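Take a look at this single chain, the form predicted alone, given in structure tokens.
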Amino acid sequence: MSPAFLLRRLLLAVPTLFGVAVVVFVLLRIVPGDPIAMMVPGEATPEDIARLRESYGLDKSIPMQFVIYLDHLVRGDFGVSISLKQDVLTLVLGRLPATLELALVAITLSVTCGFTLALASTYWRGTWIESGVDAINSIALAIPEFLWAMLLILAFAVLMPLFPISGRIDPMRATAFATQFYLVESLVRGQFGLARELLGHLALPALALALPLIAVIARVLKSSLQEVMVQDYILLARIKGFSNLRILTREALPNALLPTITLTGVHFIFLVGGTVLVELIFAYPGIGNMLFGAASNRDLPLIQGVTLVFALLFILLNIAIELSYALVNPRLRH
């Protein structure tokens, strides 16, 4: 794809982000609840409340608040969290890497297992293996992520205590990280023992997120493969004497990938923004956990900051998905 296409997509992100900012700002102002009233002690006087409301700019009219908010955004100022008393952008960027690592591990599990199940059920079509894969997919789809999380805790932390069930790393471990990408940094440094510990903390929450997605990827890829396997070029490959495994992996799979790439990209976006319940269950210090606390405390600046960062991330991920189309299908490069 041409640089002009990328530039056009990036420029379109500006009005998209503006629209998101408007919608979120308005919705947060019309929802009942006063964040100042939730943070002041019971003995606070009306003068104290008025002074605090003025310090956060909530004493002005809503249009004036929005103008001030946009002015700060243009200068890269996302405001100060009402409940945590810290810079919003610093808070969001501090928690986002944890959620991204969780989503990346979950999507890696989903793609690996989903592709394996789809290829196995297609290769052994009409056998008990296909029936078993279909049954596994049905079970995985029938149970939501938060219920999988609780079942995994019961199985692998209570009945068989194999994995930790909270946090991102053992709090007693004295390890200094230069970035918030703990897993990536430990792998780059060659600290594989530390990486195993981090993966141990990620295993159960990532698996809880991945199980329903494994079933979805397996079903979509299997359906695409079955459509491709009846095409003329597959028949020609059989006539040439190619093995069934080569036909499946070298001829059919590349031509069946586009729907699965779309699905995987969309679900990765949902994983990044939809880890709230799983992060709460596992006390995982990601952005979803922080967003739940912000919503509970009516922390308007923090909710707005998280939403805008998510919107920008979703736009960039959508562009990455479109670029991946060009890598898989050369006809789309121009």
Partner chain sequence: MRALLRNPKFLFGAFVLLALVFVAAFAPWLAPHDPMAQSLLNQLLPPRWAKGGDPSFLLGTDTLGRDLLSRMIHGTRPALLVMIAGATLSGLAGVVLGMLAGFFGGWLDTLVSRTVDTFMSFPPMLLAIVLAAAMGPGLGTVVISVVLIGWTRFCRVVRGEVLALREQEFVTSARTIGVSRSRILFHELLPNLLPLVIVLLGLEMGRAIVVEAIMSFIGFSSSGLATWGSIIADARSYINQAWWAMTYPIVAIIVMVLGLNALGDGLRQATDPVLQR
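Numbering follows the first chain given and starts at 1. Worth saying up front: this structure is predicted, and the values here are computed from it rather than measured.
One more form of this protein should be noted, the form predicted together with the partner chain, which is absent from this view; the next part is about it.
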Out of the stretches listed (219-227, 159-167, 84-92, 184-192), which one is close to the partner chain in the model of the complex, meaning heavy atoms within 4.5 Å? 159-167
Note: exactly one of M64, A295, L58, I49 sits with a heavy atom within 4.5 Å of the partner chain in the model of the complex, namely A295
So in the model of the complex, is the partner chain close enough to P285 to count as touching (4.5 Å, heavy atoms)? no
At 4.5 Å between heavy atoms, is L302 in contact with the partner chain in the model of the complex? no
Any non-hydrogen atom of M150 within 4.5 angstroms of the partner chain in the model of the complex: yes
Can you tell me whether I319 touches the partner chain? I mean in the model of the complex, with a 4.5 angstroms heavy atom cut-off. no
